[in-house]
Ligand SMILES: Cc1ncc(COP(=O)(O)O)c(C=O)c1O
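Starting off, we have a lone chain in the form predicted alone, written out as structure tokens.
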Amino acid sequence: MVRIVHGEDMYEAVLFASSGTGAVEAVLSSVVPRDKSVLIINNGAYGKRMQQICDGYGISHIDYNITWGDPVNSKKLENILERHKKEISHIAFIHHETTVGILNDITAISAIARKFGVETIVDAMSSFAGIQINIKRSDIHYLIASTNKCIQAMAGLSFVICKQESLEKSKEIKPRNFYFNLYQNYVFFAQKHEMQFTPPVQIFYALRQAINEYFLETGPGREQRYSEMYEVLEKGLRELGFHYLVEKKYHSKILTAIIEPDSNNYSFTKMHDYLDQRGYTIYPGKGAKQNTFRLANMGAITKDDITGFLSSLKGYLIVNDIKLSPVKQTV
């Protein structure tokens, strides 16, 4: 797992039997000192979830709230850090915010964090193994993900890839919980070579196979496959007349938020069911600045799957007499 993000010799992976949210909770509750605050960037539901976790534990947090669908403004981020530099010990953000399909600039944000001497907590839930990350070069202290996204395994395991030096420092913080204490889980595994609590064995087998398949495909190979599927999807949607919530330059090329058609004949539920009957599952929007639905091109799929999906989507538009105007390509 550490090799996937090029963290050999400096990082350790700590695993939990939980959804990805469990690992986010583990980090936030384990590494933020009781007399400090974490700066949380919120431009989607998962940034907001970090804030909710901190509220649950009484962890002090300073929020940079952005309209869902808009990118991070580096200058505003620096201004917040400058105003609160004595309080903030960590900055936490989502790499790929799947609420809206926006890709936050992991290198730029980490560089700002380094400038102010704060540690970085990165939720890479849906970018790990799909978008290449160099955890050393970006100087990320805690990178969080789960096994059911781009690593292409099964749901039920989450993990944190931790900088060893930072992880060791966290042992000085009085534990806020038991099951999700990051350092204690790490020490138990290091000493006994097994998880501290009951492991989901079958999911570990699936993960082992998924890791094998990742290295056979290679990191650049997987990113290229995802990118090629995205290009087919983006071009096809544009030709059908769909519009995007996020500017193309901020697209993750893994998940895309599409603005719902302005037509009396349109119904997300009916479109979902029409596509589901033909073997394709899509996802509704979630709290963005405009009503959207979302399309993901992650997993063990190919360009042929995307082409088939676009054909079915076109069929839905024709059957329901929904007329959209083709969109000109933008950069």
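Since this is a predicted model, take the numbers as computed values, not measurements. For every residue, the number given is its place in the sequence shown, counted from 1.
Another form, the form predicted together with the ligand, is not on view; read the next lines as being about it.
Within this chain, S312 is remote from the site of the ligand in the model of the complex, having no heavy atom within 4.5 Å. Not displayed here, the ligand is kept clear of A153 by more than 4.5 Å at the level of heavy atoms in the model of the complex. Although the partner is absent here, H96 sits close enough that one of its heavy atoms falls within 4.5 Å of the ligand in the model of the complex. Contact annotation for H272: none of its heavy atoms lies within 4.5 Å of the ligand in the model of the complex. Looking at 274-282, 42-50, 25-33, 60-68, the stretch with residues near the ligand in the model of the complex, meaning non-hydrogen atoms within 4.5 angstroms, turns out to be 42-50.
Note on contacts: among L207, M125, I88, I106, the single residue with a heavy atom within 4.5 Å of the ligand in the model of the complex is M125. Scanning R222, H141, K253, K149 against the ligand in the model of the complex with a 4.5 Å heavy atom cut-off leaves one residue, K149. Scanning 9-45 for heavy atoms within 4.5 Å of the ligand in the model of the complex gives S19, G20, T21 in sequence order.
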